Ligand SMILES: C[S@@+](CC[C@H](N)C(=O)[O-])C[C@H]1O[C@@H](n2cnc3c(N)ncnc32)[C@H](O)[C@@H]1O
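As C-alpha cells, one chain now follows by itself in the form predicted alone.
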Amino acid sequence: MAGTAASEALGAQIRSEAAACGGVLPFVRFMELALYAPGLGYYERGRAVVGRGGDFYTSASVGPVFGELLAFRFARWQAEDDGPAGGASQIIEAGAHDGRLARDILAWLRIWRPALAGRIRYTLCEPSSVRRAWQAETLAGFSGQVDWISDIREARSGRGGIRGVVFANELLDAFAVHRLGWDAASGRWFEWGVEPVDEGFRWARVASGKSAVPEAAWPRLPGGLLDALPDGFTTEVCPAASAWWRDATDALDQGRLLTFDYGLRVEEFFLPQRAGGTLRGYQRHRSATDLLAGPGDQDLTSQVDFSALVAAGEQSGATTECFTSQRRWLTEAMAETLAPDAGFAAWDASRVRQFQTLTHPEHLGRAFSVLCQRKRVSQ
C-alpha cells in the first residue's frame, strides 16, 4: 500500500488509538506511527525517500566519499586501540536505511585496508524486517561479514562488550519526540497531543493525568527564563534518544560512539526564534506546512538535544572527544588523507565535488553536528 491509500489506513489506526485514550493521542505516539507503523509508516514504505527523487538528502546519498572518510577514520581508530595487528574489530551502524553507507565503508576497507577488512564484523542495528531486506540486498557482496541485531543492547548479549565503533548517521533526529507547550498563566508545561477532526487531525492538549512524558524529561529551567517565556512557547524532548545513547555506551567496552545529526545544545532550544519548537516535516525537498497532514506521507524530524547525549554518555563512563560541525570533522579527516603514507584514493574531480557538498555551509556542512565519545577498557 502506498501514497494516499496508505495514509488513509494509517489515519484510521491513529483515530482508533486516539479514541482508546480519550480522544487525544500524545504526539509522541502519532509520530511513532507516522514514521514506523509496519507497512504504513514513512520509513516502512520504500527506499525512494532519500536523494534527488525523494524528500531529502543525506550525506550518504551524496556519493561514496562520506563512507570512505568514515572508513579511513575507523581504521585509524582501530590501530590506535589495538595496534596494526590487532584482533577482531566491530563496526555497528544503527539506522542504516538501505545499507548504502555500510557498503561504501566495507568497499573502502576491502581495497585500502584488506587485513582489517578480513577481521571486521559489521553489524547493522535494525528492528525493521523491511529495512533489513533492503540492507541485505545492498550488501550482498559482503554477506560473510555482515550481521544484524534488533536492539543495541543485543550487541553485548552473550559476547561481551563491543570493541570498535558504534555510529549513526541521521538516526536520532527521527526518534519520536514529546511536544511540550508552556502555559504562562499556570506556570506549567503541558504535553501536546493530536485530536481527530473531520477528515484530518489538529493539535490538542493532553490532559495532565494522561501525559506520556517521563517525570525526568520535563524541562527544568531557571525561574528568570521561565518568566520570560511567552505563553504557548513550544519545545520538544526526546528521552528515547538519550536512553539509546546510554544503552550504546553501556554496550561499548572499548572504542568510539559517533553520531552525525541535526541538533542543538540544551540552552539553544529556548532562544526566542524557536518559540514554535524545532519539529519539521519534509516532502519533495520542501518544508511541510501542516505537520499532521497525511500521516506517513511526509518525514517528521526534530533537532537532537546534544547536551542530553553528552551527559548520558559521560554518566556511562565515556569521555567526550569532540562536539563539532560536520564541516570541521570531515575537513580534518580529509586533511589526514593527504599525508604521503595515508593510503587513500586520489582526490579526483568527483570526490572533490562530493566533499564540497558535504562541507559547504549552504549544503550539508553547517546543517549537521558531530558528537564523538570514547570509552577505554580502564573506564
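We number the residues from 1 along the sequence you see. Since we're looking at a predicted model, the values are computed, not measured.
FYI, the form predicted in complex with the named molecule isn't displayed, but the following is about it.
- Looking at the named molecule in the predicted bound form, residues 27, 278 and 304 place no heavy atom within 4.5 Å of it.
- Among heavy atoms of residue 323, none comes within 4.5 Å of the named molecule in the predicted bound form.
- Among heavy atoms of residue 354, none comes within 4.5 Å of the named molecule in the predicted bound form.
- The named molecule is not drawn, but in the predicted bound form it has a heavy atom within 4.5 Å of residue 175.
- Heavy atoms of residue 330 never reach within 4.5 Å of the named molecule in the predicted bound form, leaving it off the interface.
- You can rule out all but one of 120-128, 197-205, 183-191, 224-232: in the predicted bound form, only 120-128 has residues with a heavy atom within 4.5 Å of the named molecule.
- A single residue from the set 169, 254, 145, 249 has any heavy atom within 4.5 angstroms of the named molecule in the predicted bound form; that residue is 169.
- Site annotation in the predicted bound form: the residue of 164, 263, 95, 295 reaching within 4.5 Å of the named molecule with a heavy atom is 95.
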